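Here we start with a single chain on its own, the form predicted on its own, put down as C-alpha cells.
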Amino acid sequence: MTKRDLVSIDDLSNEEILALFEHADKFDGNLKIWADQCKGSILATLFFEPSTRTRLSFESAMLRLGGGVISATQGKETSASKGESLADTARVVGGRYADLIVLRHSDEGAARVVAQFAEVPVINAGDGAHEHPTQTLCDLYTLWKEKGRLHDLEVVLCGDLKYSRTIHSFAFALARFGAKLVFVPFPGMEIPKHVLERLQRKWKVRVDKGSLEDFRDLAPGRDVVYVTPAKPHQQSLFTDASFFGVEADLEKDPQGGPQKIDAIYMTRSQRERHGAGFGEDGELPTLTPEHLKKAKYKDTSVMHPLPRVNELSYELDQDPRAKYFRQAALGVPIRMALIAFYLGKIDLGPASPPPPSPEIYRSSLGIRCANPACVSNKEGLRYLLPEFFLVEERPPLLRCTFCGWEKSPTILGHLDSRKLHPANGAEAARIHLKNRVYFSSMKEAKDAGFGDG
C-alpha cells in the first residue's frame, strides 16, 4: 500500500471520514474482540509536549487491536536534548523500530517534517497551534453520533480561538461538511485572520464579523465571527460588519441570531502558547447551565477537548447536554479505526479523487515563512529549505507547506539573470517556477545580489 500520512484533516476525504466512523462504531460495539486486527505491529508515540487523553487513547487503541507500543514522552529524555533533529529521529524510529508513528510537537509543521523523512505512516497528534486532526475526527465522530449527521449544523466555537489547534482543524472540517460556524472568542483570543482567509478561499464561505450581543454571555470578546456556506442567508446576524477592509451592508436579525444551536465547543485558554499581556484564567468566563436556559440551547451538545480549567463549571457535568466525557471516551474507537486504516488492515472504500495539489516553490534565497513558530524557522534552519505551495499565480499567494501561513510577495527575481520584476506582472508569470526567487521587499532582493530588471 502506498504510504499515507495524517498531517492535516485535509489528508482524508469526506467519504473516508464517514467510513472511518462506521468502522469506529464496529470497534466500539465490543472493544475486547479485536486483538488479532494488528497483531505483530508496533506503534511509536513520540510526544514532545504533555498529553494525557491523546497519548493514552492511541496506546489503548493499539493494545486493543493486539499490537505493541513503544513510547517517548519527554523531549528532555530523548536524543532531541542532545541536538538530534526531527528528521533523524524520523529516519530511525520510522525504520525498523515501528510500523506507525504518532507525533506531538510544539513546532508548527513538525508532523510534516517527520512524514517526509519516515518510511512508515505518520499521524499528527498536534503540532503547536497548527492542527490536531485526530482530535478533530473524535469531535466530528461525537457530533455524528449525537446529531446523526454533519451537514447543515450550527456550531458555536468558543474560547481561545487564536492558539487552539483543535479549533482550527475543527473549523476546517466543519466547513467541508457545510456547517454554519459562530466564533465567540475570549478577549484577545480572536480567530486568526489566516484561518478565516483559508475558510473563505477554499470553501467559498461567507465570513461576517461584527457584534452579536446574544453570544456575549458565553465569552465577552471583542468580535464575533459568523461563517456560512456558499450561499449566504438573506439576513445576516450582524450590523457594522467589516472584513478584509470591505464594508458589508448587513441587516440585523430581528430574532437575535440563530434560533437553534446544535453544539457549543468550548476550549480553555492555551496559556502555554501565550506571550506576556494575557490575563489569568480566573478572569475568563465560565460556562454554566444558567447560560443555556434559552430555547435555542434545548438540544445543544456541549463539547470540550479537555483538559478544562475554569471555562466549564463542574455543575454542568450533571447536565444531559454535557458530552465532553463521552467525547473523550470515543477517542479510543476512532483511533482504533485510524490505526487499522493506516496499517492497511481495513478499507475505507473508494473516495473522490483529491483536487490537484498546487505546485511547490522552494528556494534557499528570498522569502521565508513569516511564522516564528514554524519548524522551518526553528530546527529546520539546519536542513530545510523554505517551501511553499503556489496557491495563486497572479497576484502571487504562497502558503508554507509546513505550517500553513501565507505570504504575498511583491518582487520576483530570475535566478539566472538576477533581474527583478513586479511579482504580479506578466513577465514574472513567464519565468519557470524553478527559476523564480520571491522577495518581500526591494532591500531583501538587493541584499541577495539581485538587480533591477
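None of these values were measured; they are calculated from a predicted model. So that there is no doubt, residue numbering starts at 1 and follows the sequence shown.
The form predicted in complex with N-carbamoyl-L-aspartate is left out here; the points below concern that form.
At a distance of at most 4.5 angstroms from N-carbamoyl-L-aspartate in the predicted bound form, none of the three residues Ser106, Lys162 and Asn371 contributes a non-hydrogen atom. Using a 4.5 angstroms threshold between heavy atoms, Gly366 stays clear of N-carbamoyl-L-aspartate in the predicted bound form. In the predicted bound form, at least one heavy atom of His132 sits within 4.5 Å of a heavy atom of N-carbamoyl-L-aspartate. Although the partner is absent here, Ser71 lies well away from N-carbamoyl-L-aspartate in the predicted bound form, with no heavy atom inside 4.5 Å.
The shortest heavy atom separation between Thr45 and N-carbamoyl-L-aspartate in the predicted bound form exceeds 4.5 Å. Residues of just one listed stretch (374-382, 148-156, 299-307, 313-321) have heavy atoms within 4.5 Å of N-carbamoyl-L-aspartate in the predicted bound form: 299-307. A single residue from the set Lys419, Arg53, Lys26, Lys407 has any heavy atom within 4.5 angstroms of N-carbamoyl-L-aspartate in the predicted bound form; that residue is Arg53.
Between N-carbamoyl-L-aspartate and the residues Gln270, Thr286, Gln200, Gln116, the one pair within 4.5 Å by heavy atoms in the predicted bound form involves Gln270.
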